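There is one chain below, alone, in structure tokens, taken in the form predicted on its own.
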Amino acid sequence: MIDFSLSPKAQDLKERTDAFVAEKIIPFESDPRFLDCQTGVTEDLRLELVALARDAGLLTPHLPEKWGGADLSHTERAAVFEASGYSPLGPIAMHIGAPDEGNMHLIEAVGSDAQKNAYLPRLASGELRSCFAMTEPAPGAGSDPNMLATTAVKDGNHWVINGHKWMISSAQGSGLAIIMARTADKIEKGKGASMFLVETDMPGFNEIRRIETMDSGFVGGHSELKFENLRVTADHILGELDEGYRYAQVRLVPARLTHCMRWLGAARRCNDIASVYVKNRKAFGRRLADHEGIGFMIADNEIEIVASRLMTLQACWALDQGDDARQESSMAKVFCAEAIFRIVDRSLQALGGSGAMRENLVERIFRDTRLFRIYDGPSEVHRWAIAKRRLA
């Protein structure tokens, strides 16, 4: 039987997160270091927010207790992460935003003891940021990972990495990168690629530029990288050689769901902002809320908020039962990415001209959530994968 009830520990954490975001974090939304920053927030603001979460006992709660977390199940994360996402600054403060949250999960799941001890304490504390370098410009890997062009070639006791990556979220200012590279002559049956855990100040790791994009939801923005004879030793391999694609699913299946959780909190915030507005703004002799067309927008938002939450929880429950949950994760990702955008879009529409103003948080969330339908697998690719599994 499916059970979405929270443990007392998780319920307390969710309630404390609600209060923390409302009392400590939302006031920072008027800070110029957030309002005027095109890469999420400035680094000094990020560290200030992280310190607040640390003091509140809310930093990196998804990690095991050994690393300072609360050892939350996937289902428990859903409630806490949604609560954090009620402000765009909440996940940043709690250090549970992408890509760091997924990278911490992956290192904890498949990293060696030496890798965990070297990096998880610094990631868990918020001192260190990281990126995940997978996506490449044409003709390299985008939605099709089998087109991976970056290579790692064995040279004695070393591996030499060469390649070109772009749209790498949070690369600017990060100290650690997980690089996906081809380590075999060809990709066969999901094998032939490996992950390398690399510090970004190593010779041969080059940030070419920060790419200007419509969103500002990732600390550090999105960057273009080039690896030129980046030389690493075998202990930089994350997990086993040639198993990178398998590990990618270890990371991406739950990471898609944590995106759903955080953005659901943002969608709920937009609906709340719109609801307050339409209850107070008058037109044609009555409140906007009393016009059926506006009321239907809010009603549809309520429906899709609940539906998105339930789809996410169902996929989380499957993961907690030990299922690989690839089908459930893909379905939740497609539905939530599209439903959340509709929720935010309706909220902006209900706000009228004020919704288009940069000073309105809904406008920023509108731009940020549009890209959710692309990253971590476009909706079209997930639909194709869902159909192939169902019709195999």
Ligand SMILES: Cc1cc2nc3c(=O)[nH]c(=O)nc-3n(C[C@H](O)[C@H](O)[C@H](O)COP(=O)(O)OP(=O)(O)OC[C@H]3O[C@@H](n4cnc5c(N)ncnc54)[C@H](O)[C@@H]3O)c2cc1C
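Treat the numbers as computed from the prediction; the structure is a model and nothing was measured. Position 1 is the first residue in the sequence shown; the rest follow in order.
If you look for the form predicted together with the named molecule, you will not find it shown, but the lines that follow are about it.
Visitor: Considering the named molecule in the predicted complex, which of F218, W159, Y86, F227 comes within 4.5 Å of it through any heavy atom?
Guide: None of the other options qualify; the answer is F218.
Visitor: Quick check on this chain: which one of A118, M167, M311, I305 has a heavy atom within 4.5 Å of the named molecule in the predicted complex?
Guide: Flagged contact: M167.
Visitor: Heavy atoms within 4.5 Å of the named molecule in the predicted complex: does H222 have any?
Guide: Yes, H222 is a contact residue.
Visitor: Please tell me whether any heavy atom belonging to E15 falls inside 4.5 Å of a heavy atom of the named molecule, as the geometry stands in the predicted complex.
Guide: Judged by the heavy-atom cut-off of 4.5 Å, E15 is well away from the named molecule in the predicted complex.
Visitor: Can S143 be called a contact residue for the named molecule in the predicted complex at 4.5 Å between heavy atoms?
Guide: Contact with the named molecule, yes.
Visitor: Do E380 and the named molecule come within 4.5 Å of each other in the predicted complex, heavy atoms counted?
Guide: Yes, contact at 4.5 Å.
Visitor: Tell me the stretch among 125-133, 150-158, 275-283, 240-248 that has any heavy atom within 4.5 angstroms of the named molecule in the predicted complex.
Guide: The contacting stretch here is 125-133.
Visitor: Out of 361-392, which residues reach within 4.5 Å of the named molecule in the predicted complex, heavy atoms considered?
Guide: Residues within 4.5 Å: L371, I374, Y375, D376, P378, E380, V381, W384.
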